[in-house]
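Take a look at this single chain, the form predicted alone, given in structure tokens.
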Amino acid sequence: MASLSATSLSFKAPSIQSTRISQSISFGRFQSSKSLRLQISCAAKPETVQKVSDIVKEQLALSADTALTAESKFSALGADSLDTVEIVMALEEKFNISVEEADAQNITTIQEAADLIEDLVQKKPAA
């Protein structure tokens, strides 16, 4: 709440009441009063992840024995922004898809690339 006089302006904070909310969740016979965190993952097929890994190795000129995982970050592999653009272009060519620029900028790992590819392939109209 604020009040104004000819020479000053003052503010008074409204009183805040704290309320604790307790929630009980039950699943069949199991009951929990703790908060639960639900994570949904739409992981790409292992074959897609492998194809993306192969393209990344080729584009970054990595040796064949370089171990890559789905969590491998392009930047950790030495890729700069131009390398990332070239990786996306190679993926578009290999999978016959078109990646929007906004989506391409959000790809930082092999898993993210594979997930996006599978999503785009599924949305692609049948020829």
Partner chain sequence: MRISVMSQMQRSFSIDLPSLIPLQLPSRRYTHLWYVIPDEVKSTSLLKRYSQLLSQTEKDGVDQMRGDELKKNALLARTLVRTTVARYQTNKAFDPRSLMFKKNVYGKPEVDWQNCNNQPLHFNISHTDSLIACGVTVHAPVGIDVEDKERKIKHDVLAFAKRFYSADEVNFLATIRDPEAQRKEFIKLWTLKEAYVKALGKGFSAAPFNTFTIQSIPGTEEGYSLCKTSEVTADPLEETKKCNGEWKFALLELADSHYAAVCIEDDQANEGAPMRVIVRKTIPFVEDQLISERIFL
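Positions refer to the first chain, counted from 1. Computed from a predicted model, the values in this text were never measured in an experiment.
Missing here is the form predicted in complex with the partner chain; even so, the following discussion is about that form.
Asks: Residue-level contact is defined here as any heavy atom of the residue lying within 4.5 Å of the partner chain in the predicted complex; does V99 satisfy this criterion?
Replies: Within the cut-off, so yes.
Asks: Looking in the predicted complex, any heavy atom of S72 within 4.5 Å of the partner chain?
Replies: Although the partner chain is absent here, S72 would touch it in the predicted complex, with heavy atoms inside 4.5 Å.
Asks: Test of understanding: in the predicted complex, would T108 fall inside 4.5 Å of the partner chain by heavy atoms?
Replies: No, T108 sits far enough from the partner chain in the predicted complex that none of its heavy atoms falls within 4.5 Å.
Asks: Could you tell me if L77 has a non-hydrogen atom within 4.5 Å of the partner chain in the predicted complex?
Replies: Flag for L77 set to yes.
Asks: Mind listing which residues of 86-101 have a heavy atom within 4.5 Å of the partner chain in the predicted complex?
Replies: Residues within 4.5 Å: E86, M89, A90, E92, E93, V99, E101.
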